[in-house]
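Next up is one chain by itself, shown in structure tokens, the form predicted alone.
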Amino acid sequence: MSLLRIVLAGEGGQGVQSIAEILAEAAYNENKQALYIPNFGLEQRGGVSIAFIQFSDQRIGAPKFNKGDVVIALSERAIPRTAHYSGPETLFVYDASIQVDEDLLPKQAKKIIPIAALDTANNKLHPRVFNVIIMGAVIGLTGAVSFESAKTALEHKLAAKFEKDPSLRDLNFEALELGRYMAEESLKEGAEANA
């Protein structure tokens, strides 16, 4: 794997930092290099929260980067905060349930992908697994870590909750799988449209 740079952004409380931590742990478990830098707004809840994550098979030289390979915006306010990290080779992903002013979307992107993560969480699963759907989407879009490593890291992060209520394990694993599926399907649709 060459260097893979990901920007995740959303409102404080949406679980952006949790996703980043779990993905970094999954990479570590696969003996990959991973670098995660959190960036919080002034308030932890109510401000835009951004996570910068890099993955590689080799040592990662710099903690910062100008353009992401994948940029994911989970709220309306996160779109303009992250659009400048998008370049001609970037997959820019946003949650399809938010009303998006087209002028806020990045001017450069390889592909702009709407994923209905929030609506899917609310209508098919549970609102609290919205961020796990997004984590599955990251895996489906990038292959940064294996699905099994992500499940193991998720299990480690939420072990106490899973022990208290075992049904949460199935719910979270279903959300992870659904997110991966949604991302893979969006990439297929783009490939078919370009064929």
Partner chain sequence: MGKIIGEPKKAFITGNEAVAWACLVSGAEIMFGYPITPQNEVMHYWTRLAPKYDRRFLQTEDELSAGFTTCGAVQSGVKAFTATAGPGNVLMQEPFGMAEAMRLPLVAMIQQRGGPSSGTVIYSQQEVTLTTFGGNGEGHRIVYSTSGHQEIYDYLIKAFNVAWKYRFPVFVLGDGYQAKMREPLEMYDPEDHGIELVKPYPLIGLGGKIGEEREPSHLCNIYSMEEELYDVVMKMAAEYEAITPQLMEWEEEFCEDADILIVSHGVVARAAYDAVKALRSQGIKAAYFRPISLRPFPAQQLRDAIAKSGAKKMLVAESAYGQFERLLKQEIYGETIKIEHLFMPGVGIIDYDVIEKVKSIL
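None of these values were measured; they are calculated from a predicted model. Numbering follows the first chain given and starts at 1.
Only in words, not in the display: the form predicted together with its partner chain, which the text now covers.
- Comparing 25-33, 145-153, 161-169, 122-130 against its partner chain in the model of the complex, the single stretch with non-hydrogen atoms within 4.5 angstroms of it is 25-33.
- Here the marked residues E21, G61 and F65 all reach its partner chain in the model of the complex, each with a heavy atom within 4.5 angstroms.
- In the model of the complex, its partner chain sits within 4.5 Å of a heavy atom of P38.
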